[in-house]
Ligand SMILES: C[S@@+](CC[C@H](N)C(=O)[O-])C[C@H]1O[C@@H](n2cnc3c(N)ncnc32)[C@H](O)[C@@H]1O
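Take a look at this single chain in structure tokens; it is the form predicted on its own.
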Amino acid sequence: MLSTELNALLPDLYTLLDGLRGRRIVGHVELVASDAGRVLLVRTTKKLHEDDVQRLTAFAEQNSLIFYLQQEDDAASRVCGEQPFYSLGNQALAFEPQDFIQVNADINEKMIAQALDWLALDDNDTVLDLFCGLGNFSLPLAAQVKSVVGIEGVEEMVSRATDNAARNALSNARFYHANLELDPAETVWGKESHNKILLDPARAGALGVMPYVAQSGAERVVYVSCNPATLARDSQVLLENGYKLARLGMLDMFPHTGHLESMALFVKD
């Protein structure tokens, strides 16, 4: 369900888009509720006429929107408004509209709190956060432990996570770009010791990195999943290597759909 503040924009936005000269080249429109304000992203298949750009910009300014425009194959550019961010407690995580972020802010906060609780953190822990994105778990982890290493396959997200750590004065979080389908044994971070591991992969799961996780010796592993099938498949690797499933939970990240977010805690047997 779209948030009330975004839903309120739809009638006027529809009228605006329908009146553009280039309405037929508008590919799609995205709306995001950020803590810096509402975000509007318009993607087009060709260049818009300058009159259309001015009309969209005026609409954004009149409604205090953060407006991004992505035309043809160009990258999305911010036309007006400040950098969007979302808050996690006293932390602020900056993002761009094309970045992956969790769509349900309330459930995201509950999910993070549960993951950190299940990891049973203390200030001596060294935590590995696989598929870390822009630091959604890494930054809350870093506030409670000795060090966090975040690994992400999208280079832009690694830069964003590094910037977010600096923005929040967290000097104990480091981030690396890596293909997690490949053996990490020869990487800098792969040679380090981590006593706890969190992973939050995409729907395809984390099969490529599971042997490394299973052989890491980590005391606790929390696996966050949006696909029960790949969670079950990947869990088998841990179970075959001396881990036992200690807790399993579901979070309704996507209300009114058949999709659920799952979380599993594995402990070394």
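Throughout, we count residues from 1 along the sequence that is shown. Computed from a prediction, not measured in an experiment: that's the story for all the values here.
The same protein has a further form, the form predicted together with the named molecule, not shown here; the description that follows concerns it.
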Since exactly one of F95, F175, F131, W118 fits, which has a heavy atom within 4.5 Å of the named molecule in the model of the complex? F131
Would you mind picking the one in A185, V154, A75, A113 that has a heavy atom within 4.5 Å of the named molecule in the model of the complex? V154
Though only this chain appears here, would V79 touch the named molecule in the model of the complex if you measure heavy atom gaps against 4.5 Å? no
Counting only non-hydrogen atoms and a 4.5 angstroms cut-off, does E181 reach the named molecule in the model of the complex? yes
Can you tell me whether A202 touches the named molecule? I mean in the model of the complex, with a 4.5 angstroms heavy atom cut-off. yes
Tell me, yes or no, whether Q102 is in contact with the named molecule in the model of the complex, where a contact means a heavy atom of each within 4.5 Å. yes
Can you tell me which of 119 to 127, 164 to 172, 67 to 75, 134 to 142 lies within 4.5 Å of the named molecule in the model of the complex, counting heavy atoms only? 134 to 142
